[in-house]
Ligand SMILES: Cc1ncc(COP(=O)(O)O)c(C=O)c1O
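Presented below, as structure tokens, is a lone chain in the form predicted alone.
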């Protein structure tokens, strides 16, 4: 009998960050130890555990038997605390503007489902987080990449955005700090982005700010706080800055300065009700993180910064690698300067994995055009592990010449 066909929309999905794990798992099954610097999961690395008070709140919620469904839009206490946190970033967010989701990825799916249809477009940075390319096609839309300038600290190329904007663009995306490059957009750059979007009445902005607690520049700014004209979907959650990615709790907060999102909000709420709710105990854990002291973040940030600085030093000493210093998040988007690898970064990643057992992610997995000739590494591992990884990368580059 012939094989049952898969839907084409599913067959086209790619997620480079996890796709490269498949060959790594095969090597592990053969008994090899792999240095994994591929996935942005802070819990996968020692020394960065989910804070104790948040874990305790999660456990206490379980002990109280709070294992039933919560309201579809999120626990009222959590929505209220998130709104308070967003107000602290400079815009008038109310609890009714906040919707709690199964992480930022579900928030994206909900937003795209409510706003996209055949013939519409999403304009997203290149390179970018893969779901921005994968999800819109599920709704008959397409993602167009605007350029981040590799020669200028991965800053936004506004001329490229201007050239690609038209009436079919429904969503303009800013990931700030950016994944995978670590660039942090300034308030002036955000204002310019808003000024472009406001020329198109049906265009909304997604402000993916999941890494805002990991800003090393002191300049990270809420997009919603700058917009007086363009609707903004602020995305954030517990995964990165609060070091609890497996809890799968994120949120979208809707900023609607000119009151034009009534129908979109209704669609979002219908979708949220139809999928029931996010995890109740995990929401209680996140609530504790927002309500209690965040002093612990300083120690975590210093650890991450020391590891970033080690990576910058080691890369500067290796012939064949270059990198822009990231201003936020915990990624480096490293340029391959050897001509052998500059046009085949995926082969570099796979050969490095098989020869030296170091796992990173090919840059073309974040953008076939604008990520080509790069690889992304996560610098959350301890310094001795990072040093060993760079020893192996250096050795591999020397042998391959």
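Quick caveat, the model's predicted, so the values are computed rather than measured. Positions refer to the first chain, counted from 1.
The form predicted together with the ligand exists for this protein as well; it is not shown, and the discussion that follows is about that form.
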Considering 267, 126, 95, 103, which brings a non-hydrogen atom within 4.5 Å of the ligand in the model of the complex?
-> 103
Position in contact with the ligand when the complex is considered in the model of the complex, options 255, 240, 79, 170, heavy atoms within 4.5 Å = 240
Any chance residue 147 has a heavy atom within 4.5 Å of the ligand in the model of the complex?
-> no
Even though the ligand is not shown here, does residue 86 get within 4.5 Å of it in the model of the complex, heavy atoms only?
-> no
Decide whether residue 248 counts as a contact residue for the ligand in the model of the complex under a heavy atom distance cut-off of 4.5 Å.
-> yes
Looking at the partner-bound form in the model of the complex, is residue 179 within 4.5 Å of the ligand by any heavy atom?
-> yes
Only one of 189 to 197, 103 to 111, 117 to 125, 287 to 295 gets a heavy atom within 4.5 Å of the ligand in the model of the complex; which is it?
-> 103 to 111
So which residues in 200 to 225, when you check the ligand in the model of the complex, have a heavy atom no farther than 4.5 Å from it?
-> 208, 210, 211
